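Have a look below at one chain only, the form predicted alone, in structure tokens format.
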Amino acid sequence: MIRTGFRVAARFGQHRALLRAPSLQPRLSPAPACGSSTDSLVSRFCPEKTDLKDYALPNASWCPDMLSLYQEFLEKTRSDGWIKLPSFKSNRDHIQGLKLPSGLAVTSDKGDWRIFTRCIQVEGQGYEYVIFFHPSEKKSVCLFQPGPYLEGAPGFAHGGSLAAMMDETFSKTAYLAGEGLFTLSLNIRFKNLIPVGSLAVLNVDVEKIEDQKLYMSCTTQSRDQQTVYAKCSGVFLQLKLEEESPQ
């Protein structure tokens, strides 16, 4: 059954459990009111020189709408204060030299880490997307083209793939706008189906920052703004990353 609307709620229960557990007392440092400046966060997140592959660059699978809107926003990075965010295969690559707070970090012998939205390596088959961020206005625009591996109803993207894309755009925006690290809640209202291979535009705004939380909104629509695919609100927890100890 296809539901045209439903509610998604994701709770950051692990963090709360760690705070309650007597045997585990992680040293969690909430991001201070002043925190790190947006400029310093962006500078670290978007290194000028790197050998890492940027997956947020045009490839042969991008549809004409995605290519042309990408070029429009690329022009805005030169004059209107927008920044194109690189997209590496793991969030670890974006925060090199930093780590999660003590008590949340995990150890593993795994070597090939991938963020969920970069887990499909074949171009055009999964998540094709690029995020542009505006530091002073604390907002983002994500250009998202779902591939056939994200299909739900025949010919249309699965609702979960859009939910993941909203969460990913929220998370990057929350971190750069105010050191938001973890999703506390997502509330999504789906309006229309997204055809596979077409462009969906996610417009994300930070509504307010208070009590160590960022409150955010997102509207996903077609390029011509005539079709709204979904609306979403989200809350993110502010939490300061720690410097890694020298090896």
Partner chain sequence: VLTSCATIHRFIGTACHPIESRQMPGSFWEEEKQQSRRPFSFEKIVYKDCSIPNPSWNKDIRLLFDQFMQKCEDGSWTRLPSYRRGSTESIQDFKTLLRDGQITKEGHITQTNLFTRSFEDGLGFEYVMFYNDVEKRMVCLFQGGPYLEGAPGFLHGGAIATMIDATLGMTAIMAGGIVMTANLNINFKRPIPLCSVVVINSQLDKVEERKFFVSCSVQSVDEKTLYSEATSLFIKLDPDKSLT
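Because the structure is predicted, anything quoted here is derived from the model rather than measured. Residue numbers count along the first chain shown, from 1.
Below, we turn to the form predicted together with its partner chain, even though it does not appear here.
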Looking in the model of the complex, is its partner chain within 4.5 angstroms of a heavy atom from every one of 42, 47 and 73?
no
Quick one: of 66, 209, 188, 56, which gets a non-hydrogen atom within 4.5 angstroms of its partner chain in the model of the complex?
188
Would you please decide whether residue 151 lies within 4.5 angstroms of its partner chain in the model of the complex, comparing each non-hydrogen atom pair?
yes
Would residue 159 count as a contact of its partner chain in the model of the complex, using a 4.5 angstroms cut-off between non-hydrogen atoms?
yes
Heavy atoms within 4.5 Å of its partner chain in the model of the complex: does residue 80 have any?
no
Is residue 91 close to its partner chain in the model of the complex, meaning a heavy atom pair under 4.5 Å apart or at it?
yes
